[in-house]
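Only one chain is given next, in structure tokens, and it is the form predicted alone.
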């Protein structure tokens, strides 16, 4: 079996996956704050699969961790994971102080990947297992506090030259649009990111994006503007992903997608409006290429498990060379 962890800003989702690709156990637990607490969360989550989910940890061969922030290519070093209180953390080294890829605490190979990229791998795997033909290429567009995407082609994650492939959130689509946290104006994230919408809504709420939709339904002009901007931003991201990578499908996931069909209806209307003005855009059939990740899907944790398994195969090869 292999274990995958989706380390989020408040919760960590952990799954154990058997050789057939089925989820054999799943737990959720609170994520610690700061580098040391995040490291401990990784260890505790794996152990909790054994204690709470009844997983036989002796059968586990690898651990993969999906985590916010940037992952330096070829390492387990995380930077700028601000939602976790982590400015810089060599997570792989923290759990493997004696031998690269093996932690004395768990005795398992550990690999680290950006959470959105891990979710892209997981969403691709889930799509293939749901009875649908596996797409040759797929983009997973995460609509959360921020906006980012992961791209999978023929089952392989495309990271790009420096690991930034899919970072569509900071593409400016309106130079006169709202100010983005990155310093530009009119970024996709400034329109469609949950954090940006909550900041501009400026009303205390546990679910600000949902409240914006509700207020828009009641005719509030500010809410209607924010809701229209969200659809515009998501539609722009879909166009970018299709026009640059020509992916077969774009799967929408992340917290904002809890809006379900309310969100999908708005996005489809925005895509259809642009298609009406352009025969070329109509030929792309964008509305038919957008799907919603099922609620509660373990895509990110499953994808992390796949990342960990890739690292385990590499480790086995290295061991074979070392031992002749």
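Numbering follows the first chain given and starts at 1. Note that the structure is a prediction, hence the values are computed from the model and not measured.
Although not depicted, the form predicted together with another copy of the chain is the subject of the following passage.
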**OP:** Decide if the three candidate residues 213, 262 and 291 all line another copy of the chain in the model of the complex, where lining means a heavy atom within 4.5 Å.
**Re:** no
Original post:
Is the gap between residue 278 and another copy of the chain in the model of the complex 4.5 Å or less for some heavy atom pair?
Top reply: yes
Subject >> Any non-hydrogen atom of residue 246 within 4.5 angstroms of another copy of the chain in the model of the complex >> reply: yes
Original post:
So in the model of the complex, does any heavy atom of residue 203 sit within 4.5 Å of another copy of the chain?
Top reply: no
Subject >> Interface membership of residue 163, another copy of the chain in the model of the complex, 4.5 Å heavy atom rule >> reply: yes
Original post:
164 to 172, 119 to 127, 87 to 95, 221 to 229: which one contacts another copy of the chain in the model of the complex at 4.5 Å, heavy atom to heavy atom?
Top reply: 164 to 172
**OP:** Identify which of 241, 197, 81, 108 has a heavy atom within 4.5 Å of another copy of the chain in the model of the complex; exactly one of them does.
**Re:** 241
